[in-house]
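Next comes just one chain, in structure tokens: the form predicted on its own.
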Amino acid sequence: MQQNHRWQSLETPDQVALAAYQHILRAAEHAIAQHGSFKLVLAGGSTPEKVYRLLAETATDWSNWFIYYGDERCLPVEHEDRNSLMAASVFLDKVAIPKAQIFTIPAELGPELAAKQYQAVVAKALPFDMVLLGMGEDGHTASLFPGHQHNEDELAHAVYNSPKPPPERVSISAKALSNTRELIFLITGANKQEAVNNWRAGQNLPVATISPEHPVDIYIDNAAYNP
């Protein structure tokens, strides 16, 4: 649904992170004013990490924020490659979001059991207020990879044979990620340019399966963007 996409090209990854950070704070203020809570889905990766570091320095009322994860690697809880460990260390451990409102994916249990447990969490959460997503060089997003088949009606998937290590993961489904009031893609780096071009040309990439009713905001740096 390209007509539903707002491409916002910025000079550097830091500018991308700042724009996304400002957007998140606006969304949080609006959601809390409208219905008393802000349900945010986090992404992994270096650009989201920049956003989280900015959020960690923000003085705001965190009591009505609820945190979820788009995907997780099936690794021990304290493994350095866990998305949850990165988000906790740079953001969540530094702010006053109640621990009971942070919903990590229990990926240490293995893909099947973790996906089943997180399906129940997602079902209770929907619709999200905001989803943050990145994009890989192959057009994957969260842990939805090209060529992988999943039950489209599931809210979370067990993922096997990931082309990037580790091979086992858990991902919220495209259907559930699309069930959000706002959605932001964060894309930086020249290595993403080919996938961006293919996406814009209408190729059937995982990023193209994310199709919320509301417009999608894509914050992208100049290195990745080649209109």
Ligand code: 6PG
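Note that the structure is a prediction, hence the values are computed from the model and not measured. Residue positions are given as counts along the sequence shown, with the first one as 1.
We do not show the form predicted together with 6-phosphogluconic acid, though everything after this point is about it.
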**Report entry** Interface stretch in the predicted complex with 6-phosphogluconic acid - options 93-101, 153-161, 132-140, 108-116, non-hydrogen atom within 4.5 Å
**Finding:** 132-140
Report summary line: With the partner omitted here, the residue among R181, K50, K192, K39 that in the predicted complex has a heavy atom within 4.5 Å of 6-phosphogluconic acid is K192
**Report entry** The unique member of S46, T58, N197, N64 whose heavy atoms fall within 4.5 Å of 6-phosphogluconic acid in the predicted complex
**Finding:** S46
Query raised in the report: Would S84 sit within 4.5 Å of 6-phosphogluconic acid in the predicted complex, counting heavy atoms only?
Result: no
Query - Contact set, 58-80 vs 6-phosphogluconic acid in the predicted complex - heavy atom within 4.5 angstroms - result: D71, R73
